[in-house]
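Single chain ahead, by itself, as C-alpha cells, in the form predicted on its own.
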C-alpha cells in the first residue's frame, strides 16, 4: 500500500463536551497547546510526514478559529498540485451527533476522492507517529481494519472507552466498549484512529444506517466476527486530551526534555501557522526557570514551570508558577498566579492573586478581565 493512496479524515470536535471551557469558542482541534501550536497541528503533521496528501477535516460548529489557523494547508505542505486540505462543514446546514451519520453525510466527498483507503483520526491526541509503519503493518497482515491503540491508563474523560483483546500476531479477538476497568491499570486502549478500505467503510456505514445502528463503537465491535481486524500499538509518547486536567498535564509534560525530543523529532517535524513576532524580551527584574516562552513576549516578572504563548506581557513583581498562558494576554504587576490556565486576550490587573491545584487548575475564559 502506498501512503499517498490514503485519505486522511479528521474529526475536529473530538470530545468537545469534555473540555467545554477550552472549546466554548473553538473546536477541540484548534485549542492552543504547547505555547505556539494547536492540537490539530500534530495530526496534520503526522499525516503530511507520512505521505498522506489529501486530508479532510470534519467540523460542525465554532470552526472559524480552525479555518483561520490551517488556512489552505500550506504550513503542512498540503496545498500543492497533488495535495489538498479541505474543511468539511455540515452539508445543507445539517449537524449530526454521531460518527455514523456524519461519515454518511460526507459520502459524496469521501467517494469522490481518488484514494483507496481512509485513515479516520480524532483531533484530541498529541503524538508523533509514522503512519507508513501502520500502512505496512496493515498490508503485511492483509487486514480489513487496523485500529491504532496505546497501552496505558485510560484518560478519565473517556467514559465509553474501547479496549482490545489482542492475539500475539496482532489480530483483535474482542472489542470491549465501556468495560469495567480499574483506574490505575494499563489497558489496550483504542483512542480512535482507524485505517480501513474506503469501499468497506462506506459499505458498513450504509449497513449500519439500514439497521439504525448509529454507534460507531458498536460497529467496530461487531466487525471483529466478520473481518480481519488488527491492532497496531503506538509505543511512542501519546497524550489524549479529554479534560482540563489532561490539557494541563500535557503542557506540564513539555517541561521534560525527553518528551520534547520525542514529540518534536526533526525527522518528523510538527508544523504550525507561523506568526512573525520579535524575539521575547526579558527585563532586569525577570526570572525564568524551567518554562517554555514563545516569541513576542515581554517578561518583567518571575516565571517558573509555565508555558507562555506568543505576545504575552508579564509585569514587574508578578510571580507565575505552574501556569498556561495563551497568546496576547496581559498580566499586571505584583500578581501571584499558581496552577492557572489563562485563555487568549485576557487582562489580569495589578495585584491579583489566583491559585488552583495540580488536580484542579483554575481556568480564565478568553478576553476576560480579572
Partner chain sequence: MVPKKEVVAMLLAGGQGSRLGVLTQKLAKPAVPFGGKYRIIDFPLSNCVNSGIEAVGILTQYQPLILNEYIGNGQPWDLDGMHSGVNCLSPYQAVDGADWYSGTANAIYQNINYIERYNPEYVVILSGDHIYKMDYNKMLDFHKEKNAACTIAVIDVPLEEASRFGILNTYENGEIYEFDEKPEHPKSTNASMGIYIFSWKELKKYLTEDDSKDGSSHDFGKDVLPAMLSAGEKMFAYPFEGYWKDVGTIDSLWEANMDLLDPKVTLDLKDIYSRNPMMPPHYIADEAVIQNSLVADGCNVYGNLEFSIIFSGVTIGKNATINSSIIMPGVVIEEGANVQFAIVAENTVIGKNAQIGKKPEDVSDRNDWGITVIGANTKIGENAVIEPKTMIDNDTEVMANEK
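Positions refer to the first chain, counted from 1. The structure presented is a predicted model; accordingly, all values stated were derived computationally and were not measured.
There is also a form predicted in complex with its partner chain; it is not shown, and the following applies to it.
Item to complete: Mind telling me which stretch in 161-169, 137-145, 290-298, 206-214 gets its heavy atoms within 4.5 Å of its partner chain in the predicted complex?
Response: It is 290-298 that comes within 4.5 Å of the partner.
Discussion item. Going by heavy atom distances of 4.5 angstroms or less, which of 227, 104, 282, 176 would be at the interface with its partner chain in the predicted complex?
Written reply: By the 4.5 Å criterion, the partner-contacting residue is 282.
Discussion item. Please tell me which of 113, 202, 249, 255 lies within 4.5 Å of its partner chain in the predicted complex, judged by heavy atoms.
Written reply: Exactly one residue meets the criterion: 255.
Worksheet item: According to a 4.5 angstroms non-hydrogen atom cut-off, is residue 234 in contact with its partner chain in the predicted complex?
Response: No, no contact at 4.5 Å.
Discussion item. Can you tell me whether residue 339 touches its partner chain? I mean in the predicted complex, with a 4.5 angstroms heavy atom cut-off.
Written reply: Judged by the heavy-atom cut-off of 4.5 Å, residue 339 is well away from its partner chain in the predicted complex.
Worksheet item: Is residue 274 a contact residue for its partner chain in the predicted complex, using a 4.5 Å heavy atom cut-off?
Response: Residue 274: contacts its partner chain in the predicted complex.
Fill in: Contact label in the predicted complex: residue 267 to its partner chain, heavy atom within 4.5 Å
Outside the cut-off, so no.
Practice prompt. Determine the residues of 29-48 with a heavy atom within 4.5 Å of its partner chain in the predicted complex and present them in sequence order; the list may be empty.
Written response: In sequence order, 34, 35, 36, 37 come within 4.5 Å of the partner.
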